[in-house]
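Starting off, we have a lone chain in the form predicted alone, written out as structure tokens.
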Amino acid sequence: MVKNWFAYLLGLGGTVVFHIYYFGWYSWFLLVLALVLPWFSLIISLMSMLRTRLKLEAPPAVSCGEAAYVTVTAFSGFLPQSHLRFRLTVTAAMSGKKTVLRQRVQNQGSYYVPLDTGHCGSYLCRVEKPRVYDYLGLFWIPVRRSEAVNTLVRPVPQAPAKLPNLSQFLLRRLKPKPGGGFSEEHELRDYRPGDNLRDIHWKLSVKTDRLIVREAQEPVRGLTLLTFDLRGDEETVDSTLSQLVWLSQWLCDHDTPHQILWLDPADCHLAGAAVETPEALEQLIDRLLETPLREDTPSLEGRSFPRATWRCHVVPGEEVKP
């Protein structure tokens, strides 16, 4: 806008000088035209300026490293679009880092602004100080802000550099399976009234001269626990969450419900979530991505959990590259 006013005043000064030294009729005409031109531009631009709207759109969630764009749509109805300027701010929920991108739109339509997805987190995109100018770029009026949009950049599963012993958590003991039915594990016992006749072990019953029943057993799993520290720089958080997702998905694939524990940076109290399905894991990760971090959050690595029969603490490794 300052450049436009400078160019206009420079042209106006030249017109005044021309009018002073030349007495022809069109020197007066050029001077009047130069004086009226800004107001004429404002009048013919005003309808378009008042009808200008701005809309933001962004994908709700992407994977870390995946290409993503914030779509900026400017429109003013059937009228030619006036110059539109605004600041697009992208704020990371976890680190609080704020990135400011200055944008300029000169025509109606959609414009695509690349979104940095190099690190996990929740990113809030907002338009600040939107202004629409007349066709000469000399006058401006504010534009109603569009609604902010949020994009979650989810971690890509990454196997830990050193895998824990994944076979020790499978079972702690066996118990009778409710309702009986098929099972690879059985326990032999004497027949009791009400037992299903199909469960009788006839060959052994004939040998022992009493009715023996094969009772189906099922494993009783103890508490399976994953712990991690929600702290550190962006690379540390990326590595921690990527390994956490990989381990939790492995447990879900093996039908193993488990608990995930961490210290909430807000108050440093123990927080947890039960995970039995991939959907529950996804909800947990989305919750973590919106958590503001603190540098003084303690670690859970040295804390003991006697109730857990299998526990793995996620230790961040090198930078994770999707």
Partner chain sequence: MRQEKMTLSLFLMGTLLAGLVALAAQMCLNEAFSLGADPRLLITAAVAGGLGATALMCTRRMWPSLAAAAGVAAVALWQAGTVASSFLGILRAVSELFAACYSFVPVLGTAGGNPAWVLMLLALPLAWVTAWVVCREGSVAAVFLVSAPVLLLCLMIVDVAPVFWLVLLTAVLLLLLLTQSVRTNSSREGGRLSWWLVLPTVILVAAITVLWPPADYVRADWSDTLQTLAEAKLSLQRLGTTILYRGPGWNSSLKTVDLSVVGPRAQTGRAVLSYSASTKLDYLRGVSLGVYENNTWSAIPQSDYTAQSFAIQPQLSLGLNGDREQYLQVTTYASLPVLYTAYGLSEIPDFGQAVDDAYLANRENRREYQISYNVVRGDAGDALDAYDAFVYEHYLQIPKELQEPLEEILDAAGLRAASAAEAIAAWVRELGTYDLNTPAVPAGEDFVLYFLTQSQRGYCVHFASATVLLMRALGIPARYVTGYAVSGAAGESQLVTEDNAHAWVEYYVSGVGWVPVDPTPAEALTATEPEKEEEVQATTEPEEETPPQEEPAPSEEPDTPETPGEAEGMSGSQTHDSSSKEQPDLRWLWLLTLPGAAGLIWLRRVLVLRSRLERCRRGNPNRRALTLWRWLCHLSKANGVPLDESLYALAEKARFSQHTLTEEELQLLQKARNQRIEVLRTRPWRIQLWDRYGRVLY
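Everything numeric in this text was worked out from a predicted model, so none of it was measured. Numbering follows the first chain given and starts at 1. By rigid core we mean the largest C-alpha set that fits within 1.5 Å across both forms.
In what follows, reference is made to the form predicted together with its partner chain, a form of this protein that is not presented.
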Is S41 near its partner chain? Define near as a heavy atom within 4.5 Å, in the model of the complex. yes
Answer yes if any heavy atom of H19 is within 4.5 Å of a heavy atom of its partner chain in the model of the complex; otherwise answer no. yes
Taking its partner chain as it sits in the model of the complex, is W246 in contact with it (heavy atom to heavy atom, 4.5 Å or less)? no
In the model of the complex, T71 touching its partner chain (heavy atom, 4.5 Å): no
Would you kindly say which of L37, L54, I285, L261 lies with a heavy atom within 4.5 Å of its partner chain in the model of the complex? L37
Tell me, which of V62, L30, A271, L281 has a heavy atom within 4.5 angstroms of its partner chain in the model of the complex? L30
Stretch from 153 to 161, 227 to 235, 107 to 115, 94 to 102 whose residues place a heavy atom within 4.5 Å of its partner chain in the model of the complex: 107 to 115
Listed by sequence position, which residues of 230 to 250 have a non-hydrogen atom within 4.5 angstroms of its partner chain in the model of the complex? none
So that I can tell if G24 moves, could you say whether its C-alpha shifts by at least 2 Å between the shown form and the other one after the core superposition? yes
